[in-house]
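Only one chain comes next, encoded as structure tokens, the form predicted alone.
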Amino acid sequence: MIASLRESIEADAILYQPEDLRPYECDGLSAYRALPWLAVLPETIEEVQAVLRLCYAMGVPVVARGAGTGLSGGALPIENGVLLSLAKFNKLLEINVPNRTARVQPGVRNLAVSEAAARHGLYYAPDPSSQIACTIGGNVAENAGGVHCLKYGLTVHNILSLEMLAMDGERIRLGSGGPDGPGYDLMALMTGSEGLLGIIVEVTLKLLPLPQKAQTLLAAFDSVERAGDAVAAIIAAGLLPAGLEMMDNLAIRAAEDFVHAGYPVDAAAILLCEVDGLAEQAATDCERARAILWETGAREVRVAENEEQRKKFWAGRKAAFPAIGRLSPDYYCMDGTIPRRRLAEVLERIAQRAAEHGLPVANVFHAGDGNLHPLILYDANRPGELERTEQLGVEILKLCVDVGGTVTGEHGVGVEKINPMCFQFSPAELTQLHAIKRAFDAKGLLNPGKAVPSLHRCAEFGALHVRCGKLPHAELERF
């Protein structure tokens, strides 16, 4: 295999020694690890095509990888497969100011797009907390969101076209330069497909004008339930904030110790609410939001006095995940979505489940669209603690589905949520998902074992749940 690869790729771009492969053994979800058989770092589309054609001919699985910031094990290598890193595809190819678009390679960092577009008064709206490091290709693969996705949408709402390679190396362009194109919306199908259908090699992004004014409010509450009620009240009033984020006390204290954002550390919960647009509209919406926050029981409402303070408020939220990492040797980040009206109820039930398992949970999430990110704190060095953590995580996702939500909002399924997928989808629906996979990847070589569980696995998972009276330890399915 190595000898064949060297015919198309430089020798130093092919990694096979264990010490060279170690950086690729996991993504941001570090609970699961595996070394790839080989890792390759191609630099051109032709080199990627050569890798794919060789693997297709030899029946070797391929797992694509961006920056490795994913949180569901979607880029987890497999021991008998090639890890295809797109790190060298890091060129911003074009910014088209009249059309407000950016054409980029998949390895371009999310934040780099807005930094390059800012001189033209433009920016790219999706802003995951990891935007300083995560890449556009990974964003498309996971349909990433961010703190401003409530108003401006997820990745799928902010891309116009993409170019991909099929497993046999065929080059395919999806989408168009306009808001719609003829035929099936295959680009939307690729967005969020977690590397199961093709390898993304170029993306055309939609850019937006920088808002004339943005104002951020920080509201403190004495109970998580009141904060949840305030979220529902803001949306019910017809306001559409650019961002509406919530943090509970454990997350508040961790972020404040880390960033010193000026958060009230004795509050049970805080809401960050940002409105933007024309100066007059932003001012009006800010006053409306402030009134609603007081009416729903906020004990304190602050409006950022200047741009520096506004950025500081958001810095605390965006640094919440690494801040939580200072409190515990390990944490397990969940990603479920629920109807907003059930927010207070679900948070209370998560707290109850956490207490039953004896595991602390910090809550940091996109409250405006009901996307929860419970962070379960644990120590993997303690026997059985990872298993209890996984058990609690699956129970949380089951709860999300039970109240009308879903097992993921933006992190993807990967390996982490492959068992909980069985709660949400029927055998007929899973059969259809597998049929779509076969239409794009007949040999099943792209990222096998991720995102879509087999019917056999779901049957086994359900039987164990019924027989044992609890959910089983999450195991990686071997392929």
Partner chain sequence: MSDQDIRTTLQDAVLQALAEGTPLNITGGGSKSFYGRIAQGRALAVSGHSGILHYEPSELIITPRCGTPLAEIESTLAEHNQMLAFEPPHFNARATLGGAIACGLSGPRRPFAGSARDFVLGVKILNGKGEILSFGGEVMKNVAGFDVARLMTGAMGTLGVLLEVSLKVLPKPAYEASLYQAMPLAAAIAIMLRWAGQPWPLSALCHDGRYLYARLSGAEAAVKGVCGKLGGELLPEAERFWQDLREQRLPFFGGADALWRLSLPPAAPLPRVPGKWLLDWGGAQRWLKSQAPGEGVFEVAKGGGGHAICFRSGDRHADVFQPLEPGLKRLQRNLKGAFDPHGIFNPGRLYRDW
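Quick caveat, the model's predicted, so the values are computed rather than measured. Numbering follows the first chain given and starts at 1.
This next part talks about the form predicted in complex with its partner chain, which is not shown.
This chain appears without its partner; in the model of the complex, the one residue of P42, G412, P36, P61 with a heavy atom within 4.5 Å of its partner chain is G412. Of the listed positions (H157, K311, H260, K91), a single one reaches within 4.5 angstroms of its partner chain by any non-hydrogen atom in the model of the complex, namely H157.
Heavy atoms of every residue among Q281, T406 and M421 are located within 4.5 Å of its partner chain in the model of the complex. Among residues of the shown chain, E305 is not one whose heavy atoms approach its partner chain to within 4.5 Å in the model of the complex. Mapping the unseen interface onto this chain, H366 counts among the residues with a heavy atom inside 4.5 Å of its partner chain in the model of the complex. Although the partner is absent from this view, G384 stays clear of its partner chain in the model of the complex, with no non-hydrogen atom inside 4.5 angstroms. Though the partner is left out of this view, E46 does not reach within 4.5 Å of its partner chain in the model of the complex, counting heavy atoms only. Note that among 129-137, 110-118, 321-329, 211-219, the stretch whose heavy atoms approach its partner chain to within 4.5 Å in the model of the complex is 211-219.
Contacts with its partner chain in the model of the complex, taken as any heavy atom within 4.5 Å, map to no residue of 49-66.
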